[in-house]
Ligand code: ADP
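Shown next as structure tokens: one chain only, the form predicted alone.
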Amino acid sequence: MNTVEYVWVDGTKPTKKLRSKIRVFDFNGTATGLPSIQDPKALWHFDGSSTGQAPADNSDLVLRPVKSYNNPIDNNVIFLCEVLNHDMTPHTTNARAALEDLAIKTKSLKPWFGLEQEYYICKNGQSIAVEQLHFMTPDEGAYFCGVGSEYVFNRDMIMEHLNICVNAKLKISGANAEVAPGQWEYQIGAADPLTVSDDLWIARWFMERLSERYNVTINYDAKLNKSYNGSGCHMNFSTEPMRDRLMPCEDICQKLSEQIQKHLDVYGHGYEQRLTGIHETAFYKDFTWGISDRTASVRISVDETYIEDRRPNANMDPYEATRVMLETCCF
């Protein structure tokens, strides 16, 4: 028996969620093998009325596999899918299709992205640190990359997630405890925009699956606790001209400064709560940049070969966020 987990992004508002269901490729007791993602037999359908993507009186939508991954959790295969209408056009919630078109147009510039996914591990609606210690100290500096039971929570889950992502051959490059208690981060990239976005969604799916086993919830809210750092998904970006110093990072920042709201519109729900000008953020209505400046909207690397847009929230859709970065910076 061969099983495939079909994974897709739904239409939940204001923040999209992941959905998945399992398909068995086994007929009359005879294993038939798995189709390739290009095989028409790999197409599947689902009820879009239950995922915020279709009305109940016209609910069937198409799942088209776009990438396959090994699934170390269940020892089977994952098909990451995009959602199509029945005429095989991209559904309105399918942000991947627009990114794919733009990635082709900007391929000659060799854009690289790195995404830093922050999140809280929660229990009963609050950080796991409260559940385990019943208090949190105000000194966030004690938790960042911390060691010891006073400062680190659920490391076993984080290490299991990291190993799963490595074994699934995601472009994961690291993980660390973040500045707030019970807050963690992992990094995807550097990679092209489609790869980094696909891999981030699958990394999120792996984390959600692990949360079932550990009986916790993964919280991507922009601002879980007003007294502590919010959760972002900082977006590192460069093109070959930037890496070769043929295009100054300041020129890219100038372009970004002219498109503030366009970017904020796809940087995730609740950015106003997180981008307050404190807790290592710039105020969302302003736009600032500086070398090695983590209080700015955009930090320029010390070697001035890439930028880090610090505004995206943890709950952003990477397909949308990377797309607007390409639109602003590559034309």
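Heads up: residue numbers just count along the shown sequence, starting at 1. Everything numeric here is computed off the predicted structure, so don't read it as measured data.
What comes next is about the form predicted in complex with ligand ADP, which is not displayed.
Although the partner is absent from the chain shown here, Phe113, Ile188 and Arg243 each have a heavy atom within 4.5 Å of ligand ADP in the predicted bound form.
Of the listed positions (Arg294, Lys262, His45, His269), a single one reaches within 4.5 angstroms of ligand ADP by any non-hydrogen atom in the predicted bound form, namely Arg294. Residue Phe237 is the only one of Phe79, Trp184, Phe237, Tyr143 with a heavy atom lying within 4.5 Å of ligand ADP in the predicted bound form. With the partner omitted here, the stretch from 34-42, 47-55, 294-302, 281-289 that lies within 4.5 Å of ligand ADP by heavy atoms in the predicted bound form is 294-302. Contact annotation for Glu308: at least one heavy atom lies within 4.5 Å of ligand ADP in the predicted bound form. When ligand ADP is considered in the predicted bound form, Asn163 lies well away from it, no heavy atom lying within 4.5 Å. Taking non-hydrogen atoms only, Thr89 never approaches ligand ADP to within 4.5 angstroms in the predicted bound form. Proximity of Gln254 to ligand ADP in the predicted bound form falls outside the 4.5 Å heavy atom cutoff.
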